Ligand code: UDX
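Only one chain is given next, in structure tokens, and it is the form predicted on its own.
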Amino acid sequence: MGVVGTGHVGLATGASLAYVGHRVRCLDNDQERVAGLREGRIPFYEPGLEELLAKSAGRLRFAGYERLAEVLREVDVLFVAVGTPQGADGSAGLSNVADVARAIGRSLGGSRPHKVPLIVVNKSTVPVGSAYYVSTLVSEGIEDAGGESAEFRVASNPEFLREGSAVHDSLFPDRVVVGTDSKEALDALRILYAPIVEQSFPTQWDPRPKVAVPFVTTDLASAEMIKYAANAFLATKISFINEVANLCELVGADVSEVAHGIGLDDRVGSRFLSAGIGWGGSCFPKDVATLRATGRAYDHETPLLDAAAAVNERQRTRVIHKLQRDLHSLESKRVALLGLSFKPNTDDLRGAPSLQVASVLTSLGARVVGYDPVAGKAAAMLAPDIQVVFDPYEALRGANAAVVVTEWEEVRGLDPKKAAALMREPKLIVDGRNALDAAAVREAGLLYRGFGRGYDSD
């Protein structure tokens, strides 16, 4: 099998399928990245992935994108896992996917001695209906190359990986979803995923008893919609608990207790009920925006999704309001941002709340210093207005206030007494993730403001 694209999705997909026994060729148009991968260097931070690549080395090879035609002569299944950057209207951009589809067609239009059709599997997150678009472009590419008899089938196999746990999510997924109208494609992917679905491979990563993974088969459009609906639901769940948190501050309730109480109901579940600064990253914002754009394309309103996005945007503003309540003017105030990546265990700054908060603080005259154990160097290049340091206590030194933006263990484990000794009045902690022990913070002499944790949160 082959994989086009070596980002989080492509690399995790290729490495995990190689680990369970398949021979995999991964392609990328970034020659420097390909060279690094051949030497075992991961181009981004992802726990466990380097080890997974090492264990799969005998079955996993990397090549430049220019070798696509050669790879197609060797593989029967090709995953497309390239980026779909968000457009100005919120929709996912398909230019990368389209380029690959046309190239596949032109390569198929040459000589491909296989007796079975090539299975083209769309792993990229694409708008509903894109599989048919891919099929059309592949066909056009074949015709352009004069190979009208070349056969292929298209399938949709959406990814559900979380950055920071991509290895676990690849090897122990909640489900594998395959959408296709081709029995040949379905049979090929059923065989390909069998070791993961049956959990029949040896592993050191998950000590839990092995339970078969649901293998969900459906049509192309439904498979594409499953991906968007899943992420939009989780994003809405976070926005819901943030709305509840804002009400908790008005009535004196603690959203942590409320979330625990409702999360015990198995119809609700306890996950994604953490109130705070809101969701970020590359997936939730883009996928919610794409669904909203899809609705607009059909002249259909999506008020629930609109509200989820609006609530999330408002949470960033609430951080600023909490700072202003106790600092009053932010002019010349030193504010430390603890955590810069959009979530722990990743160096990804796409959609990171830290960057938006920092931009507003800077515009109000604050001096912003940021700390992150992994994403610091990237943040220094991306946001020059942030003074980036590489020790959390250095960030706190002389700070009038600190905002917990990303709940890294290094941030959760801060010594509040040491922090109090380093900070200047009013020694304010705005806990954007409700990650700290509020009582311990207050006992150390710090002013604590959480999200939805009673009257004194705001």
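Note that the coordinates shown come from a computational prediction; the quantities given were computed from them, not determined experimentally. The numbering used is simple: start at 1 and walk along the sequence shown.
Absent from the display: the form predicted in complex with this ligand. The rest refers to it.
Just one listed stretch, out of 371-379, 78-86, 158-166, 213-221, contacts this ligand in the predicted complex at the 4.5 Å heavy atom level, and that stretch is 158-166. In the predicted complex, every residue of the candidate spot (Lys227, Leu234 and Phe342) has a heavy atom lying within 4.5 Å of this ligand. This ligand is not shown here, and in the predicted complex it never comes within 4.5 Å of any heavy atom of Phe172.
Interface membership of Phe272, defined by any non-hydrogen atom within 4.5 Å of this ligand in the predicted complex, is confirmed. At a distance threshold of 4.5 angstroms between non-hydrogen atoms, Lys427 is out of contact with this ligand in the predicted complex.
This ligand in the predicted complex is approached by Phe284, whose closest heavy atom lies within 4.5 angstroms of it. Of the residues Ala131, Ile238, Ile119, Leu192, just one reaches this ligand in the predicted complex with a heavy atom at 4.5 Å or closer; this is Ile238. Along 296-328, no residue reaches a heavy atom to within 4.5 Å of this ligand in the predicted complex.
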